[in-house]
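Below, in C-alpha coordinates: the form predicted alone, a single chain.
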Amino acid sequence: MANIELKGLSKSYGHTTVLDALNLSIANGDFVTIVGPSGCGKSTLLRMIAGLDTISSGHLFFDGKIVNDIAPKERGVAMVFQSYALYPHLSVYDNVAFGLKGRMPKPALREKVLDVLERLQLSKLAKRLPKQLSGGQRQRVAIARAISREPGVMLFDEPLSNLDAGLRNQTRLEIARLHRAVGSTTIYVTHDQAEAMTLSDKIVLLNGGRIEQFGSPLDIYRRPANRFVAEFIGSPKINMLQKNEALLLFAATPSASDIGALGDVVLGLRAHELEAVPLDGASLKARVSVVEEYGDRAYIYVETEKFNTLLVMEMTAMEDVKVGDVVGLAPRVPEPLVFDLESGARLEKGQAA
(Lines give C-alpha, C1' and ligand atoms only; values in the text may rest on other atoms or scores of the structure.)
Protein backbone atom coordinates (compact mmCIF):
# COMPACT_ATOMS: atom_id res chain seq x y z
CA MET A 1 0.00 0.00 0.00
CA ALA A 2 1.06 3.58 -0.52
CA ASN A 3 -0.01 7.07 0.38
CA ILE A 4 -0.13 9.23 -2.77
CA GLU A 5 0.07 13.01 -2.72
CA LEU A 6 -0.11 15.54 -5.54
CA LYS A 7 1.27 19.02 -4.92
CA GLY A 8 0.72 21.56 -7.69
CA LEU A 9 0.80 18.77 -10.29
CA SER A 10 0.45 20.09 -13.85
CA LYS A 11 0.66 18.73 -17.37
CA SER A 12 1.00 20.86 -20.49
CA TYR A 13 1.57 20.21 -24.18
CA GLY A 14 3.07 23.39 -25.55
CA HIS A 15 0.67 26.20 -24.68
CA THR A 16 -2.17 23.77 -23.88
CA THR A 17 -2.65 22.99 -20.19
CA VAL A 18 -4.26 19.58 -19.62
CA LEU A 19 -3.95 19.44 -15.82
CA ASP A 20 -3.62 22.63 -13.81
CA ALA A 21 -1.85 22.63 -10.40
CA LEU A 22 -3.67 19.68 -8.82
CA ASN A 23 -3.46 19.16 -5.07
CA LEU A 24 -4.71 15.83 -3.76
CA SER A 25 -3.96 13.33 -1.00
CA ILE A 26 -4.94 9.66 -1.30
CA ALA A 27 -4.62 7.57 1.85
CA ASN A 28 -3.07 4.11 2.09
CA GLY A 29 -5.53 1.45 0.94
CA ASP A 30 -8.17 3.84 -0.36
CA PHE A 31 -10.16 3.13 -3.51
CA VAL A 32 -10.35 6.46 -5.37
CA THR A 33 -12.24 6.92 -8.62
CA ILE A 34 -11.50 9.73 -11.07
CA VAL A 35 -14.51 10.88 -13.10
CA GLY A 36 -15.27 13.81 -15.35
CA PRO A 37 -16.31 14.74 -18.89
CA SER A 38 -14.34 13.61 -21.93
CA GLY A 39 -11.06 15.48 -22.31
CA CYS A 40 -10.86 16.61 -18.68
CA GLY A 41 -7.52 14.86 -18.07
CA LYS A 42 -8.56 11.64 -16.28
CA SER A 43 -6.33 9.20 -18.16
CA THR A 44 -3.48 11.73 -18.33
CA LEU A 45 -3.48 12.00 -14.54
CA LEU A 46 -3.47 8.21 -14.18
CA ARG A 47 -0.56 7.88 -16.60
CA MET A 48 1.41 10.53 -14.71
CA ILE A 49 0.92 8.58 -11.47
CA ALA A 50 2.05 5.42 -13.27
CA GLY A 51 5.11 7.19 -14.67
CA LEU A 52 4.04 6.72 -18.29
CA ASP A 53 3.63 10.48 -18.85
CA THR A 54 6.08 13.13 -17.66
CA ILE A 55 5.11 15.81 -15.14
CA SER A 56 5.34 19.39 -16.43
CA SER A 57 5.45 20.99 -12.97
CA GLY A 58 4.66 20.20 -9.37
CA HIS A 59 5.49 17.07 -7.39
CA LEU A 60 4.13 13.55 -7.00
CA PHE A 61 4.81 11.75 -3.71
CA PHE A 62 4.59 8.06 -2.80
CA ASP A 63 4.79 7.63 0.97
CA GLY A 64 6.42 11.04 1.28
CA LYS A 65 9.05 10.41 -1.41
CA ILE A 66 9.11 12.44 -4.64
CA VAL A 67 8.75 10.03 -7.59
CA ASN A 68 8.61 12.50 -10.51
CA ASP A 69 11.71 10.99 -12.11
CA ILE A 70 11.33 7.41 -10.87
CA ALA A 71 10.82 4.82 -13.62
CA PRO A 72 7.38 3.11 -13.76
CA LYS A 73 8.74 -0.32 -12.83
CA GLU A 74 10.33 1.16 -9.69
CA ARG A 75 7.17 2.82 -8.38
CA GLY A 76 5.47 -0.38 -7.24
CA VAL A 77 2.41 0.18 -9.41
CA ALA A 78 0.40 -2.13 -11.65
CA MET A 79 -1.96 -0.87 -14.34
CA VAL A 80 -4.98 -2.43 -16.02
CA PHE A 81 -5.82 -0.90 -19.39
CA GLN A 82 -9.10 -0.67 -21.27
CA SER A 83 -7.60 -2.74 -24.10
CA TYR A 84 -6.50 -5.65 -21.83
CA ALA A 85 -2.90 -5.58 -23.28
CA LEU A 86 -2.41 -9.35 -22.97
CA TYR A 87 0.37 -11.24 -24.71
CA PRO A 88 -1.53 -13.05 -27.52
CA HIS A 89 0.96 -15.94 -27.82
CA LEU A 90 0.94 -16.77 -24.09
CA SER A 91 -1.61 -18.81 -22.19
CA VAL A 92 -3.69 -17.35 -19.37
CA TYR A 93 -1.30 -18.93 -16.87
CA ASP A 94 1.79 -17.54 -18.59
CA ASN A 95 0.27 -14.07 -18.96
CA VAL A 96 -0.28 -13.91 -15.22
CA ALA A 97 3.13 -15.44 -14.45
CA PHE A 98 5.07 -13.24 -16.87
CA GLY A 99 5.85 -10.39 -14.47
CA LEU A 100 6.84 -12.77 -11.67
CA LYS A 101 9.43 -14.84 -13.50
CA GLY A 102 12.87 -14.42 -12.05
CA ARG A 103 11.52 -12.82 -8.89
CA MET A 104 10.79 -16.03 -6.94
CA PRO A 105 11.43 -19.79 -7.08
CA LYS A 106 9.30 -21.71 -9.57
CA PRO A 107 7.25 -23.59 -6.92
CA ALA A 108 6.35 -20.32 -5.19
CA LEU A 109 5.54 -18.68 -8.52
CA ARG A 110 3.22 -21.52 -9.50
CA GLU A 111 1.45 -21.41 -6.14
CA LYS A 112 0.90 -17.66 -6.40
CA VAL A 113 -0.37 -17.76 -9.99
CA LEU A 114 -2.77 -20.62 -9.27
CA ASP A 115 -4.08 -18.79 -6.20
CA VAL A 116 -4.75 -15.61 -8.21
CA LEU A 117 -6.43 -17.57 -11.01
CA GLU A 118 -8.66 -19.29 -8.45
CA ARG A 119 -9.68 -15.97 -6.86
CA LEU A 120 -10.70 -14.62 -10.27
CA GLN A 121 -12.43 -17.85 -11.34
CA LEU A 122 -9.92 -18.42 -14.14
CA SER A 123 -8.47 -21.78 -13.08
CA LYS A 124 -10.28 -23.75 -15.78
CA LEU A 125 -9.01 -21.33 -18.43
CA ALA A 126 -5.33 -21.47 -17.45
CA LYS A 127 -4.18 -23.16 -20.67
CA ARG A 128 -6.21 -21.05 -23.09
CA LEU A 129 -4.83 -18.28 -25.30
CA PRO A 130 -6.39 -14.77 -25.13
CA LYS A 131 -8.10 -15.26 -28.51
CA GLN A 132 -10.04 -18.19 -26.97
CA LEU A 133 -11.52 -15.99 -24.21
CA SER A 134 -14.51 -13.69 -23.98
CA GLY A 135 -14.05 -9.98 -23.30
CA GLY A 136 -14.90 -10.41 -19.62
CA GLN A 137 -12.46 -13.29 -19.26
CA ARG A 138 -9.66 -11.30 -20.90
CA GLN A 139 -10.26 -8.41 -18.54
CA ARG A 140 -10.12 -10.74 -15.55
CA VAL A 141 -6.80 -12.09 -16.83
CA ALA A 142 -5.46 -8.52 -17.07
CA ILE A 143 -6.58 -7.88 -13.49
CA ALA A 144 -5.06 -11.19 -12.34
CA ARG A 145 -1.73 -10.28 -13.95
CA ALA A 146 -1.76 -6.93 -12.15
CA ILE A 147 -2.64 -8.18 -8.66
CA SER A 148 -0.23 -11.14 -8.87
CA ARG A 149 2.61 -8.64 -8.42
CA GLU A 150 1.08 -7.46 -5.11
CA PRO A 151 1.61 -3.82 -6.05
CA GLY A 152 1.37 -1.00 -3.55
CA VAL A 153 -0.75 0.91 -6.08
CA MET A 154 -3.32 -0.48 -8.53
CA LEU A 155 -4.31 1.71 -11.47
CA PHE A 156 -7.37 1.04 -13.66
CA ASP A 157 -7.97 2.99 -16.88
CA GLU A 158 -11.65 2.45 -17.84
CA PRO A 159 -11.23 -1.34 -17.58
CA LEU A 160 -14.91 -2.20 -18.10
CA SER A 161 -15.88 0.08 -20.97
CA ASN A 162 -15.53 -2.68 -23.58
CA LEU A 163 -17.83 -5.08 -21.73
CA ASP A 164 -21.58 -5.51 -21.99
CA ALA A 165 -23.81 -4.49 -19.08
CA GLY A 166 -23.94 -7.92 -17.44
CA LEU A 167 -20.18 -8.41 -17.55
CA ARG A 168 -19.59 -4.87 -16.31
CA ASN A 169 -21.68 -5.55 -13.21
CA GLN A 170 -20.00 -8.90 -12.55
CA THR A 171 -16.46 -7.61 -13.05
CA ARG A 172 -17.20 -4.51 -10.95
CA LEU A 173 -18.15 -6.76 -8.04
CA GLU A 174 -14.97 -8.79 -8.53
CA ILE A 175 -12.82 -5.63 -8.49
CA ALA A 176 -14.49 -4.47 -5.26
CA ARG A 177 -13.98 -7.89 -3.65
CA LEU A 178 -10.34 -8.02 -4.72
CA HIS A 179 -9.64 -4.56 -3.36
CA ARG A 180 -10.95 -5.62 0.03
CA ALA A 181 -8.83 -8.77 -0.08
CA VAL A 182 -5.59 -7.27 -1.41
CA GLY A 183 -5.77 -3.80 0.15
CA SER A 184 -3.66 -1.97 -2.44
CA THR A 185 -4.20 1.75 -2.86
CA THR A 186 -6.41 1.82 -5.96
CA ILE A 187 -7.04 4.62 -8.47
CA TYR A 188 -9.74 3.93 -11.01
CA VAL A 189 -10.65 6.05 -14.05
CA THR A 190 -14.16 5.76 -15.47
CA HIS A 191 -16.91 7.73 -17.19
CA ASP A 192 -19.55 5.49 -15.58
CA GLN A 193 -21.23 7.06 -12.54
CA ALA A 194 -22.47 3.68 -11.29
CA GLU A 195 -18.89 2.43 -11.09
CA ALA A 196 -17.75 5.59 -9.33
CA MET A 197 -20.57 5.60 -6.78
CA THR A 198 -20.47 1.88 -5.93
CA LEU A 199 -16.72 1.15 -5.94
CA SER A 200 -15.16 4.20 -4.36
CA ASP A 201 -14.11 5.31 -0.92
CA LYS A 202 -13.54 8.73 -2.50
CA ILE A 203 -14.30 10.37 -5.86
CA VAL A 204 -12.21 12.96 -7.68
CA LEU A 205 -14.35 14.97 -10.10
CA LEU A 206 -12.22 16.65 -12.76
CA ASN A 207 -13.36 19.37 -15.12
CA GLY A 208 -11.13 21.25 -17.54
CA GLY A 209 -7.99 19.92 -15.87
CA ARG A 210 -9.02 21.07 -12.37
CA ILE A 211 -10.53 19.28 -9.38
CA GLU A 212 -14.12 20.40 -8.82
CA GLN A 213 -14.59 18.24 -5.72
CA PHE A 214 -12.93 15.41 -3.80
CA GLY A 215 -14.97 13.46 -1.29
CA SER A 216 -17.01 10.37 -0.53
CA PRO A 217 -19.65 9.36 -3.10
CA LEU A 218 -22.54 10.27 -0.79
CA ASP A 219 -20.97 13.59 0.20
CA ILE A 220 -20.53 14.59 -3.44
CA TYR A 221 -24.07 13.52 -4.27
CA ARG A 222 -25.75 15.16 -1.27
CA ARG A 223 -23.48 18.19 -0.85
CA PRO A 224 -22.09 19.06 -4.28
CA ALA A 225 -19.56 21.87 -4.19
CA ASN A 226 -21.15 23.63 -7.14
CA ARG A 227 -23.70 23.41 -9.91
CA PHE A 228 -21.35 21.53 -12.24
CA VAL A 229 -20.88 18.74 -9.67
CA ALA A 230 -24.62 18.55 -8.97
CA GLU A 231 -25.42 18.23 -12.67
CA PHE A 232 -22.63 15.75 -13.43
CA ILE A 233 -23.22 13.32 -10.54
CA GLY A 234 -26.56 11.56 -10.42
CA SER A 235 -28.81 9.86 -12.94
CA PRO A 236 -31.20 11.11 -14.14
CA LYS A 237 -29.76 14.61 -14.17
CA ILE A 238 -30.79 16.91 -11.33
CA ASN A 239 -33.65 19.36 -11.96
CA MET A 240 -32.43 22.97 -11.99
CA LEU A 241 -35.04 25.65 -11.31
CA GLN A 242 -34.99 29.40 -11.60
CA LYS A 243 -36.12 31.15 -8.41
CA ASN A 244 -39.56 32.04 -9.81
CA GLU A 245 -40.04 28.40 -10.84
CA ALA A 246 -39.06 27.14 -7.38
CA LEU A 247 -41.52 29.58 -5.82
CA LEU A 248 -44.34 28.03 -7.85
CA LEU A 249 -43.33 24.53 -6.78
CA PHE A 250 -42.86 25.38 -3.09
CA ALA A 251 -45.82 27.81 -2.89
CA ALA A 252 -47.76 25.67 -0.42
CA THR A 253 -44.77 24.94 1.84
CA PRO A 254 -43.15 26.90 4.70
CA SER A 255 -39.99 27.22 2.54
CA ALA A 256 -41.71 29.59 0.09
CA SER A 257 -40.82 32.71 2.09
CA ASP A 258 -37.19 31.61 2.44
CA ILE A 259 -36.93 31.01 -1.30
CA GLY A 260 -38.52 34.38 -2.01
CA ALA A 261 -35.85 36.09 0.06
CA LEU A 262 -32.99 34.56 -1.92
CA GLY A 263 -30.84 36.64 -4.24
CA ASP A 264 -29.67 35.60 -7.73
CA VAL A 265 -29.69 31.83 -7.41
CA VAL A 266 -30.58 28.56 -9.14
CA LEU A 267 -32.18 25.75 -7.14
CA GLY A 268 -31.71 21.99 -7.56
CA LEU A 269 -33.99 19.03 -6.87
CA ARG A 270 -33.21 15.36 -7.56
CA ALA A 271 -35.79 13.15 -9.27
CA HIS A 272 -36.65 11.39 -6.00
CA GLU A 273 -37.24 14.80 -4.36
CA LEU A 274 -40.31 15.48 -6.54
CA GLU A 275 -43.65 13.70 -6.42
CA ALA A 276 -46.95 13.61 -8.26
CA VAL A 277 -49.94 14.67 -6.14
CA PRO A 278 -53.70 14.94 -6.76
CA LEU A 279 -54.68 17.88 -8.93
CA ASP A 280 -57.03 19.25 -6.27
CA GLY A 281 -55.07 21.82 -4.34
CA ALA A 282 -51.82 21.34 -6.29
CA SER A 283 -49.98 24.64 -6.71
CA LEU A 284 -48.37 23.46 -9.95
CA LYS A 285 -49.77 21.24 -12.70
CA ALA A 286 -47.82 19.55 -15.47
CA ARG A 287 -48.35 17.20 -18.41
CA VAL A 288 -46.48 13.91 -18.66
CA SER A 289 -44.20 13.98 -21.69
CA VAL A 290 -42.05 10.83 -21.34
CA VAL A 291 -42.26 7.72 -19.14
CA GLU A 292 -39.11 5.60 -18.68
CA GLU A 293 -39.88 2.24 -17.04
CA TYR A 294 -37.16 0.38 -15.13
CA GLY A 295 -39.17 -2.48 -13.66
CA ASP A 296 -39.28 -1.51 -9.98
CA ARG A 297 -39.36 2.22 -10.70
CA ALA A 298 -40.08 4.73 -13.42
CA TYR A 299 -38.79 8.18 -14.31
CA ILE A 300 -41.52 10.57 -15.37
CA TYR A 301 -40.65 13.65 -17.43
CA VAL A 302 -43.22 16.43 -17.23
CA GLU A 303 -43.62 19.83 -18.84
CA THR A 304 -45.52 22.94 -17.86
CA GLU A 305 -45.99 26.28 -19.57
CA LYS A 306 -44.53 28.00 -16.52
CA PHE A 307 -41.15 26.23 -16.75
CA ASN A 308 -38.49 26.49 -19.44
CA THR A 309 -37.39 22.85 -19.25
CA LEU A 310 -38.70 19.36 -18.58
CA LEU A 311 -38.71 18.19 -14.97
CA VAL A 312 -38.04 14.57 -14.02
CA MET A 313 -39.40 12.72 -11.00
CA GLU A 314 -39.00 9.18 -9.73
CA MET A 315 -42.09 7.04 -9.13
CA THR A 316 -42.69 3.40 -8.28
CA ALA A 317 -43.68 1.12 -11.14
CA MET A 318 -47.01 0.51 -9.38
CA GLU A 319 -48.15 4.08 -9.99
CA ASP A 320 -50.27 4.27 -13.11
CA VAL A 321 -49.06 7.30 -15.06
CA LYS A 322 -48.92 7.53 -18.83
CA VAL A 323 -47.89 10.04 -21.46
CA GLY A 324 -50.44 12.83 -21.77
CA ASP A 325 -51.70 12.64 -18.18
CA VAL A 326 -51.89 15.87 -16.19
CA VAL A 327 -50.50 15.62 -12.66
CA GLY A 328 -49.94 17.91 -9.73
CA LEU A 329 -46.34 18.50 -8.64
CA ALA A 330 -44.99 18.88 -5.12
CA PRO A 331 -41.55 18.72 -3.46
CA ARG A 332 -40.71 15.79 -1.19
CA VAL A 333 -37.99 17.75 0.63
CA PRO A 334 -38.38 20.88 2.77
CA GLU A 335 -35.87 22.88 0.70
CA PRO A 336 -33.79 22.47 -2.48
CA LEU A 337 -30.07 22.83 -3.06
CA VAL A 338 -29.15 26.46 -3.72
CA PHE A 339 -26.45 27.61 -6.17
CA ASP A 340 -25.16 31.09 -6.85
CA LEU A 341 -26.34 32.16 -10.31
CA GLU A 342 -23.03 33.72 -11.34
CA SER A 343 -20.34 31.50 -9.78
CA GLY A 344 -22.32 28.26 -9.57
CA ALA A 345 -21.08 27.61 -6.00
CA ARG A 346 -23.47 25.82 -3.65
CA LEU A 347 -24.69 28.12 -0.92
CA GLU A 348 -25.43 27.04 2.64
CA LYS A 349 -28.63 28.20 4.28
CA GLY A 350 -28.33 31.89 5.09
CA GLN A 351 -25.59 32.58 2.56
CA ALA A 352 -27.87 33.43 -0.35
CA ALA A 353 -30.06 36.08 1.21
Partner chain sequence: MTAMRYKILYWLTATAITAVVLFPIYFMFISSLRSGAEQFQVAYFPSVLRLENYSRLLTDKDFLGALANSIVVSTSVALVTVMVSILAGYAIARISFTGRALVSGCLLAISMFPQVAALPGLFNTIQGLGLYNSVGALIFSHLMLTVPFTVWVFAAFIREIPVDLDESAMMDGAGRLRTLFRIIVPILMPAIATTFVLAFIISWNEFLYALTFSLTPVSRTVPVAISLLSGTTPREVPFGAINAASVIITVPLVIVAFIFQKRLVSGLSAGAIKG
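Here the structure is a predicted model, which is why all the values come from computation and not from measurement. Residue numbers count along the first chain shown, from 1.
Although it is not shown, the form predicted in complex with its partner chain is what the next lines describe.
Exactly one of the stretches 99 to 107, 164 to 172, 230 to 238, 256 to 264 approaches its partner chain in the predicted bound form with heavy atoms within 4.5 Å, and it is 99 to 107. Its partner chain in the predicted bound form is approached by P72, whose closest heavy atom lies within 4.5 angstroms of it. Within 4.5 Å of any heavy atom of its partner chain in the predicted bound form lies no heavy atom of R140. Proximity of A50 to its partner chain in the predicted bound form falls within the 4.5 Å heavy atom cutoff.
Heavy atoms of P278 never reach within 4.5 Å of its partner chain in the predicted bound form, leaving it off the interface. None of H191, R210, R128, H89 but one reaches within 4.5 angstroms of its partner chain in the predicted bound form through a heavy atom, and that residue is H89. Put simply, of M79, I203, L269, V116 only one has a heavy atom within 4.5 Å of its partner chain in the predicted bound form, and it is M79. Contact annotation for 121 to 145: a single residue, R145, has a non-hydrogen atom within 4.5 angstroms of its partner chain in the predicted bound form.
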